[in-house]
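Here you get one chain, nothing else, as structure tokens; it is the form predicted alone.
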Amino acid sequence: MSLQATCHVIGAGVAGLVAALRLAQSGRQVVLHEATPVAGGRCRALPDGTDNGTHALMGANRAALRFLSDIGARDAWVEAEPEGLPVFDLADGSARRIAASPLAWRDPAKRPPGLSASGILALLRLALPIGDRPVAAAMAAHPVLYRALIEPLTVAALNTPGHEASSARLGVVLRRLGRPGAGALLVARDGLGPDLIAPALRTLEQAGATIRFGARLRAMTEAEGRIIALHFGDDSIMLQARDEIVLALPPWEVARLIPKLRVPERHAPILNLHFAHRGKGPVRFIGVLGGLTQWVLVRPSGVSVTVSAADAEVEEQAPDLAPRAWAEIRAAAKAFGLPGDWPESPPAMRAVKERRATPRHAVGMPPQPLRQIYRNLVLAGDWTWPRLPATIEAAVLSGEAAAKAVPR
């Protein structure tokens, strides 16, 4: 038996990776347990090398960017659209660039349609931490601005339709976008596997952490306010007096292990479509209004589409989705002059459906559990971070907070 206390981190999603690294860097003995054969959670790479989903960061995500720097991966995340986000509107075929940050709206060419003095006042009211109501209701008097900017931002950041999404949660995002450099849009140049997960695991191993894959936590034994045993399938670990646990799992898994804990119960799906389309040129990122596709990520290795708040779309079959999505991708590619061949027939496509991708960020604050549940157990996970929607940024912040909460 080791005389040194061990920190057991359960779950190798982003929150678990961050918590494990911070603990290992502080000199702790860390064991990271992951139920699946791969790390990353919703940010994992698929067996064929493509991403589970299209994940982008903003300059406002300072905690996530700090983590990328710590694992030596910051340079692998490139600013795909430094001149402003290209947005293609299927309704009228218009193609324009829109800046995500209000600081860039001094340039008329980068302002969203429908922006006016009263529209700016509506955005300011939306950004203020006063009250909570559906985003669509808050912007009802500004339908053009809502459609061009606020609805896409709401669906992307909160993964919740605008008619039910929380204006308070969106307000936090808007306040962050008001900082200089906050609107820069960053994507992994080669993919989440090589540009996030692999460097994180490599840095963890260099810091002395042990990583166990295929280790699903089945149950825990509690006594006198402490967890005294962890049960993984046929394997059980009896904890020493000074051992600690960071539970970095999705809410439904935490509820299974700790039934007394209140966790978010309603979730929203995300649909991702990956087309096997080889191309040339730099990484591009395009927004699409009025259709199936919402965000199109174009890499030399392929084209990926994200459909957030995809309640209806996840029920459709891939053969029905492919031609619709590809027609929209072709139109957007031609509108912005993307190089390469864009044939009429869709190439091979893989659909990835995350039915419980994030909690639904509806009006009203969801239950926020305490960080420390037992004397030797703390929680991590994007859903545990107050106010922010469930994003990479929230996952990183929660992982850092969990590591700090572990007693010295």
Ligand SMILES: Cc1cc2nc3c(=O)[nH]c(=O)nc-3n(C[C@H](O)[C@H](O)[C@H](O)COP(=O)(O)OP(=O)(O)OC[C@H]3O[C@@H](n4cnc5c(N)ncnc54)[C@H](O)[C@@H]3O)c2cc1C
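Heads up: residue numbers just count along the shown sequence, starting at 1. On a predicted model such as this, the values are computed, not experimentally measured, just so you know.
Below, we refer to the form predicted in complex with the named molecule, which is not included among the displayed structures.
Annotated contact segment (heavy atom within 4.5 Å of the named molecule in the predicted bound form): 250-258, selected among 79-87, 137-145, 120-128, 250-258. Distance criterion of 4.5 Å from any heavy atom to the named molecule in the predicted bound form singles out Ala56 from the list Ala362, Met349, Leu46, Ala56. Interface residue remark: Thr358 is counted as part of the site for the named molecule in the predicted bound form, having a heavy atom within 4.5 Å. Residue contact with the named molecule in the predicted bound form: Thr50 places no heavy atom within 4.5 Å of it.
Residue contact with the named molecule in the predicted bound form: Leu21 places no heavy atom within 4.5 Å of it. Interface residue remark: Leu177 is not counted as part of the site for the named molecule in the predicted bound form, having no heavy atom within 4.5 Å. Here the marked residues Ile10, Gly16 and Glu354 all reach the named molecule in the predicted bound form, each with a heavy atom within 4.5 angstroms. Taking a 4.5 Å heavy atom cutoff to the named molecule in the predicted bound form, the contacting residues in 364-385 are Gly381, Asp382.
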